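Have a look below at one chain only, the form predicted on its own, in structure tokens format.
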Amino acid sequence: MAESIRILMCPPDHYDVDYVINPWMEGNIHKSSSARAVEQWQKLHHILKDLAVVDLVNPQKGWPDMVFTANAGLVLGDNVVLSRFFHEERQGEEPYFKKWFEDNGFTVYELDEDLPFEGAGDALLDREGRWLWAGYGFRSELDSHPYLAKWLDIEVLSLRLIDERFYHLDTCFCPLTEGYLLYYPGAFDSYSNHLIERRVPAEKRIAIEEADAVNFACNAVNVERTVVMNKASDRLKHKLESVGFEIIETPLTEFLKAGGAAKCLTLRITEPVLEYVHANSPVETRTIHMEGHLLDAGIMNKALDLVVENGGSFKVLNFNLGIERQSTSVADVRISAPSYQVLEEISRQLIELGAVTPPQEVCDVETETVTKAGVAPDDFYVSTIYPTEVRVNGQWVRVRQQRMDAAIVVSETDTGITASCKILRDLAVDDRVVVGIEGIRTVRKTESRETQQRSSQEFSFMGAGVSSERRVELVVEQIAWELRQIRDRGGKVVVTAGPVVIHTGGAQHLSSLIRDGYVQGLLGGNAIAVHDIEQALMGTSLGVDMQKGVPVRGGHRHHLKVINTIRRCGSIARAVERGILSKGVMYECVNNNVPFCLAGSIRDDGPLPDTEMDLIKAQAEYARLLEGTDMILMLSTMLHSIGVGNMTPAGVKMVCVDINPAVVTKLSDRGSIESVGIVTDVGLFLSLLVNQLEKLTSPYQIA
């Protein structure tokens, strides 16, 4: 017996499942057999007494989970960090465990009452003593980890739990002698799994399957080369035995009903201190400042959810709620993350919500110089659709040509400082590119409650979302109203459309919109022009008669004949001039001086002479035609719509129409608050839109 190893246990005199604080307890309230629980505990106790010295803490009536002594605290040497239980149902255990530790000569450290940490259930020492694995996500808070590092003078590695079944680290993670690790990867996020793989060599990692995980195979007690657990599959036992471990199985099914097994029922209280190991916690923190109608607009909830969902933690340092109807709220929030990289990613996303560095801490933006054309520096800031400002020489500068997925280039000349978005291929040597996230802010317009309410009443379609077909007519009325307003004030509407517009009979309606001045630009590919002209010249689309809806003999050749005709003319415009093309979408574009750009692809037949087969040139022309746009109608063309969306800054109203819900959802997920997806047949949509515009007989008058 290894006399130097001591384990703390608590008899199950008062054990029962009295409440639900984890998924395992659901359906098991008062369904545990007291006699069987005592029998199973005693068998575990007997096994461990042959391996170590077992001390007992007196059970207390009213606290049935005291039997799970792993949660009493975290011990290293003569020091212990007392647990701060997350759930009220267990908080009454704290003074009893504190007294036991003090009576046995330990120095007790206590966290603030509002900082949850659940002891050795969520903090496991590497069995070689080199570092401490600390879990967070359900019961323990990430912000407790720096205290563990400081008080116990050890390096802390933070692991985020994401499966509620494995609410404590010790339910899915078990460090073993000689650096081996028994764990269930599915319980952790990708960052944590990468961290585990960096610290534990592949030959030392024993990843288990879900079937073993739900039997709490990782909730095991390891003493030297012996591993005591509830149950293990033959495959897992073979893995452990092949690297020299002896497996002892002892049923603990009564305790599984409360979400615990062998490790939960024990606390190792003799953990040696290595003289060469010292405190180090990679937890990074940053304070952010937010202003606006944080509650009304849901911004505060979005920000805090974003932090947690990305593996971080937060503490609201102050929150001043606006006391008048027009007042804005102000909040300062400290964000914590397990590494600098995770904190940077969280911060980048918070910037999109309008978060900034607190005024007293704001500093200038950082830039690095481009050394190779078309290649940005590492850690360059990736722009978003939202209006952005960067701080240069103490002043905020608005970024020009705002778009998604670009770098921000800062220039200083005799005439002043400028900042603009540049896509990677356009970066030139010596361009100063913004890196990191310091000195960057997005500009969000703070509207009064009345303005928000009025806007939602007048343009409910402007709220991001996906409208089902049963609401199409209502949404079309709102879009028609806005189209008339834009046209009458001399605004700009751009349409990006796919060939489905032609196939579904929408060509005549889109032609009408162009002819009546509602469209100031058309973006698409080779196909929409080909099939539009095919319909205009031959009455078919993809060889299908548009009047009868049946294939025409030899119709599969029609689109090639059309391409050949236009190529003979030299361009679509020349076909119009010669009278060959006298109707259709492309005819109306030429006849009404509406610019268009057809972006080619590898699948294009012909192509038409107007189709730009140089993708870079096509993208540039798309961007040029989108400048100054007030609204974009995206009609059944997923790839072109997504491309256009990425080129478009926030503030431009976007309407995406497609019969496939996945397409409109993709655009909605882009994050623009001015976008809406409409799930319907695009031909029907255009027909309803034209009919609604015809009802608006009086031009909209600007007040």
Ligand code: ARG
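The numbering used is simple: start at 1 and walk along the sequence shown. Because the structure is a prediction, the values reported are computed rather than measured.
Although not depicted, the form predicted in complex with arginine is the subject of the following passage.
Next on the checklist: Between 25, 684, 693, 679, only one gets a heavy atom within 4.5 angstroms of arginine in the predicted bound form; which residue is that?
Outcome noted: Contact residue from the list: 25.
Checklist entry - Among 531, 145, 139, 84, which has at least one heavy atom within 4.5 Å of arginine in the predicted bound form? => result Contact check passes for 139.
Checklist entry - Within a 4.5 Å heavy atom cut-off, is residue 264 in contact with arginine in the predicted bound form? => result Contact with arginine, yes.
Checklist entry - Is there a heavy atom of residue 21 no more than 4.5 Å from a heavy atom of arginine in the predicted bound form? => result Residue-level check for residue 21: yes, a contact with arginine.
Checklist entry - Using heavy atoms and a 4.5 Å limit, would one call residue 90 a contact residue for arginine in the predicted bound form? => result Because a heavy atom of residue 90 falls inside 4.5 Å of arginine in the predicted bound form, the answer is yes.
Checklist entry - Contact between residue 657 and arginine in the predicted bound form at 4.5 Å, heavy atoms? => result Taking the distances in the predicted bound form, the answer for residue 657 is no, it never comes within 4.5 Å of arginine.
Checklist entry - When arginine is placed as it is in the predicted bound form, which of 254-262, 307-315, 197-205, 502-510 ends up with heavy atoms within 4.5 Å of it? => result One stretch meets the cut-off, namely 254-262.
Checklist entry - In sequence order, which positions of 49-79 have a non-hydrogen atom within 4.5 Å of arginine in the predicted bound form? => result Heavy-atom contacts within 4.5 Å come from 65, 68, 70, 71.
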